[in-house]
Structure formats: C-alpha cells, structure tokens
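One chain comes next, on its own, written as structure tokens: the form predicted alone.
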C-alpha cells in the first residue's frame, strides 16, 4: 500500500512571490553597476510606482537611483544617472556611500521623507532628506550617529512630535528603538520597542525594521527582519509585529515564527546569500493590497504581494501578546 500523501496546506502563505522575479537586475541598468537591491517604494500621485533603489557601482560604493513603472511590476523607466549620490564634501558621513532608503509620505509637509544609511569611517548612521519630486532633495545630514541603520519616519506626529524607528548597535545588542523630535533635526526620548530574542529563535541576537510601518485600524503593522546565525553563515528572514497607534513604543503582538524567508535561487545565491530584505511597499487604492519590494541576496530587486488583512490574520494566528522584549 502506498504511503498517504500530504494534502494541500490549510494555510495560504502570507506573502506570494511574483512569478516573474526578479523585477530589477543590473542588466537592466542604463549605466555600469555591480548590483541593485534594497529599494524604498512609493505610489506617486500620477499612479506610477517609484522605487528608490540602492545601487552598488563597480567601486563597491552605493548610491540611490529611481526606477518608475505604471503598474509597479515591469516596463521600468530607470533614471539615466544616479538620482541621489553621496556628497562627502558637504556630508563627510557619506564618504563610503549611501544605502537602504525607506520612504514615507508626510501629508503635513506635503513631501516625501527619505531615511537612508550613510556610511563612513565611524560606521553606518541614519541620514534624512526631504523631496517633493525625487529630482531635488533637502538633505538634513546625520540624525542618528553610528552605529545605526534600518530607519523610517512615521507619517504623522505622535503627541506633537515626529517619531523615527531605527536600529542602533549598543551594548544592549541589536534591537529596534523609537526616538522623537520636534523638528526632524534634534532627537531624544529614545526607547527600545522590540528586542532581538535570545537563544535558538529565528530572530535571536539581531533584528531591524524592514519597510516603513503601515498604519492600520489595529495599530502600526511592522515587517521586520531577523538574522539567524548558522554554521554556514547568516539567514535573513521576515517577521511581523503590531504596535499601538498612539503609543508606538508599546508592542501589542509579535509573531513567534518567521513568515517569509529565502527559498528561490535568486534569494539564496548572490553577493550575500540567503537574504530577503524589503525596504518599501505600496498599498493599492483599495487600501488593502500590498506590493512588497525586497532585495534578494543583495543582488536584485524582487516583488511579493499580500494584503493588510492577510498579514494581520497571520499575525493573530502566530503571535503571543507582549511587550516586545526578547526571550
């Protein structure tokens, strides 16, 4: 008698890979580069999807370059030259390049806030720039000194102050923090909001924010990455957490397992193997459908789709409530 065959999974995956992945590669670029990955994303007023991609040139340093598409999937129109370059003369903290942008549209300012990593001798820091059109930028310089990265601005003030999610490296470890500012330049009231777990967990020792938090009726929905150290290297996977709308330092739910990890060849083989790393998403006009854009193996940009409802349902089914502290 043949052994019983497993039936179809009763639970659909929370994120579905686009069958045509990867959607952006170095071969598509209008000038010579090594790789393109880790793109911030925004849906523009004209309906175009804009990806502000991290592009590593053949010197090994990174800059940012915009790609636009009418459907957010293909037929990308890529800027013929870098959109935002490092400017080490005016901003010496950028001497080794700029990386990993997260984009937040801020209605009060009627501008897009781009939080990105600036890299110099002291290590990675968080820099901020504002733009209306991704052609010209007002640069604020470093707002969080090294060693710090994985930052995004919330789209509205909390209690009258701007709020920034970021991931400093401290003696406490690599955890997610929140900081507040009256003017986007001076930051304080720093607080840990989500700790890396300890031991054998998928998100032990090192975590960080992925794409900017999504405001939902239930709270701020955050996709974050966890780094699992193995005998053959690191594995970057994605998890979910939910934070209070008016007190975003309060974790309401946190997934106990990862929801998305490297499986396909373009995610497992590249400049840095076994990495899925989103820096941006767009939300469709229905207010629910999500296009999540992620770096694959630090070599290309890929796309996965989901919905706010599906992610919240997955989190409800795979989480324990708590204060976000590691176990």
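Positions refer to the first chain, counted from 1. Only a predicted model underlies this, so the values are computations on that prediction, with no experimental measurement involved.
One more form of this protein, predicted together with a small molecule, exists but is not displayed; see below.
Enquirer: Which among 284-292, 43-51, 254-262, 267-275 is in contact with the small molecule in the predicted complex, heavy atoms within 4.5 angstroms?
Expert: Flagged stretch: 267-275.
Enquirer: Since exactly one of 224, 112, 236, 162 fits, which has a heavy atom within 4.5 Å of the small molecule in the predicted complex?
Expert: Only one option qualifies, and that one is 236.
Enquirer: If the cut-off is 4.5 angstroms on heavy atoms, which of these, 79, 195, 148, 100, is the one near the small molecule in the predicted complex?
Expert: Checked against the cut-off, the match is 100.
Enquirer: According to a 4.5 angstroms non-hydrogen atom cut-off, is residue 298 in contact with the small molecule in the predicted complex?
Expert: Residue 298: yes, in contact with the small molecule in the predicted complex.
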